[in-house]
Structures are given as C-alpha cells and as structure tokens.
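Take a look at this one chain, the form predicted on its own, written out in structure tokens.
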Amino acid sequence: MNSSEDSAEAIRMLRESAAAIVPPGGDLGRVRALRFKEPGYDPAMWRRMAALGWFALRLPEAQGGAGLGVAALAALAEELGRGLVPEPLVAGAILPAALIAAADEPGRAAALLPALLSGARTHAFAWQEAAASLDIARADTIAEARPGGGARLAGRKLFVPQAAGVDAFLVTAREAEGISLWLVPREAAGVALATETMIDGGNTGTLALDGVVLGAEARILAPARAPALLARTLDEAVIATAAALLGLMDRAFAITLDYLRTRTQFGKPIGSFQALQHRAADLLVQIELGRAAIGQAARLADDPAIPAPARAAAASQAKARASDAALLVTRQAVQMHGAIGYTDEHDIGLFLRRAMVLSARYGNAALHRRRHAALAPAIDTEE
C-alpha cells in the first residue's frame, strides 16, 4: 500500500472513530447541557478523546504520535464540527502538543507531553494581543532576562479559546533576540485570567502576566526557531478550524433539507417551492467550494516541497471561504426554518452560534482575504 493509500485509510478510520464522540445524528443534548458553564466541555469526554489517540495525531511516531498529516487532522475536525463538539481538540491539545513536541530541548518535550496527551493537563496557545491579527511578531509581552537564566514575563494575551479549563499557557513573548515561546502554569504567581462567555456557550479568556518569574526550563522555543514553527502550526490550526466550519455547515444544510421535505404549506412540502430550491442549490455550491479549498490547503500543508508563502495563502483561502460560507449557510438555515428557527429551543440555532465563534477564531474572512492578497506576489515569485 502506498503512502496516499495509507493516508486515505487512516482518514477513513479517523472518521469512523469520531462516531464514538459524535454518534449518527449527533448528540446536541450534550452540547446544550454544557453551554454557558465552565469549563465549557466535559473533562471525562476530554480524556476519552485522548485515549483515542487524537491528541497525538500530528506528532511523529518517535514521540508516541500517529505521524498523520494535516489532511487527517482536517477530516477529524470536520466530523467533530458536524456534531458541534465543545471539547477544544485543536486549540487545547493538537496545537499545543505540536509546539511542545518541537521544543528546543527534547527532554522538555519528553517531560511535558505525557500529561498533555493523556488529557491530564490542558494547554492553550496564547499569542494574540490585538483583534484582526495573525502576526506572530506582533507581541508587546516582554520576556526580561533574569541572571542565571529564565525570564520575567509581563504583558497581556487576548482571545484564548476555552480558557476556563486551561492548566498551562504557551505564551509568545519578545526578548532581545526576537519572539520566543514560554510555558506558563496557570497557578504561577502574577498570572490572572479573566474569562468571558461566547455566544455559543463556550468561553474565551484574557491572560494577564504581571512579572511572572519563570526558570530557563520554561522556555520552549528560542527566537532562532520560534517564529517559523509558530506560524506553520498556527496555519494548521487555521485549516482545522475551516474544516470544523465545513462540518457544521454541512450538517446544518442537511437538517434544513429534511425540514424542507417535511414542512408543508398550501398542501405540499415547502421544499417543492422553486424559490427555496434555488436558495438551497446556491448554499450547496458554497459548501462544496469550501470543501475544495480546505482539501487543497491540507494537501499543500502536507507537501514539504511547497514553499511557506503558498501554504499560508492556501490556508487563508480555505478559512476565508469556510468562514463566509458557514455564516451564509447557517443564517439561511435559520431563516428557511421560519419562526421556529429563531427560537433557542430549536437545534438549528446552535449551528449559527458556533459558526459565529469559529468564523472569527484564528482570523475572520476579511483578515484572511487581506493576508491572501499580501501573499500572492510571494507565491508568484516562488513559481
């Protein structure tokens, strides 16, 4: 079996394993029960996901991982998005695991990964300091060197996903040589976390660091390697989030089609009305365009021969399309359900709420369109 066949089989098995978390038809009762509560997800389910090996999906086999690519990650994210799974697989496990696995000191990765991969501890990547920015270098958080090693961190990070359940933060900071990455325990002196409830019932956090003293072992990535690794890992999270949006809009569309087939007016199903058929056809086109863009972005991300600007541009194209399409599909889905769709009791509104959150996570459509346009000259040069 060649590598492409291996990948296809792995993706098929991943999609099937997702049924353990997202049963056919979904479990939206569980989603409702966890809304507007901290930490915003089920710790028991989190450990179950860890036991399935999903947290190590992107790690090399030498580090206990599955060694799978971004295409596999996107397939899994799509299935979880379809079920509106609130557990932050990408933000709380896969992204942090990739960063820790790449630590400058292999011993640090070996020491930290077991607790993360088992689900015993949850981490989050805290890098953003301004809205509408994907720029890793845009960091005013300072890592002031201390005699004998280590640093004192001061600054503030915004929009940390599902922050209420986080045990430790991977924080970008600026030191004399450039941007570095530090592991900051939540319980460290000088750490303050303020959480805010999101429209989908999850939460986001603002992390304040007031003279947090860390030892030299807390530095995961030095400036020599950090920027490129952080940017590539963030782009993988962008693609995975786009895939989650694909899953949720696909499911919202299916629910709406079922409703159009069963809801009757004037003695016939409303799905037989030509105006609604045309509207549904337009939505399907948007879903499939998003699917194609995400598939292309994942393939390019998995190809080491593709230059970094082209990979980043494809990730932005996928996220821009998925964000716009998911908002369009879910809004139209609510509208086509009529008055009942606007009530919180009807499940279709859950999909719109999640789309509103994920469409902005790791950059909204407008940001990614600007980024794609900025990268276009670099892509042409590489070609």
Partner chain sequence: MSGAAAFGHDPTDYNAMPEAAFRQVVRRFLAENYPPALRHPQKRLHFRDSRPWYMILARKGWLAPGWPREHGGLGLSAGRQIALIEEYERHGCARSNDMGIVMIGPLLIRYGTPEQRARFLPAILSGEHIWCQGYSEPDAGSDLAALRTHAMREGDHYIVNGQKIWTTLGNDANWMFCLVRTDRQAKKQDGISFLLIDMTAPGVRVRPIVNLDMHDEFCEVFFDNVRVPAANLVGEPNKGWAMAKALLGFERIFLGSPKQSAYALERLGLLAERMGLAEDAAFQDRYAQLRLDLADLRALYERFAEQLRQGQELGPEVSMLKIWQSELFQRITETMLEIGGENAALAGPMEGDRDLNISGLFINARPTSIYGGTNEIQRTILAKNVLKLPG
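Numbering follows the first chain given and starts at 1. No experiment lies behind these values; they were computed from the predicted model shown.
Beyond the structure shown, there is the form predicted in complex with the partner chain, which is absent from this document and is the topic of what follows.
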Only one of these stretches, 40-48, 348-356, 66-74, 53-61, has heavy atoms within 4.5 Å of the partner chain in the predicted complex; which one is it? 348-356
Check Gly29 for me: does it contact the partner chain in the predicted complex (non-hydrogen atoms, 4.5 angstroms)? no
Would you classify Pro185 as touching the partner chain in the predicted complex, given a 4.5 Å non-hydrogen atom cut-off? no
Determine whether any heavy atom of Gln265 comes within 4.5 Å of a heavy atom of the partner chain in the predicted complex, and answer yes or no. yes
Considering only heavy atoms, tell me if Ala373 and the partner chain come within 4.5 Å of each other in the predicted complex. yes
Contacting member of Ala189, Ile199, Ala137, Ala176, with respect to the partner chain in the predicted complex [4.5 Å, heavy atom]: Ile199
Sole residue of Thr233, Ser180, Thr204, Thr122 within 4.5 Å of the partner chain in the predicted complex, by heavy atom: Thr204
For the stretch 106-137, I need every residue with any heavy atom inside 4.5 Å of the partner chain in the predicted complex, listed N to C. Gln128, Ala131, Ala132
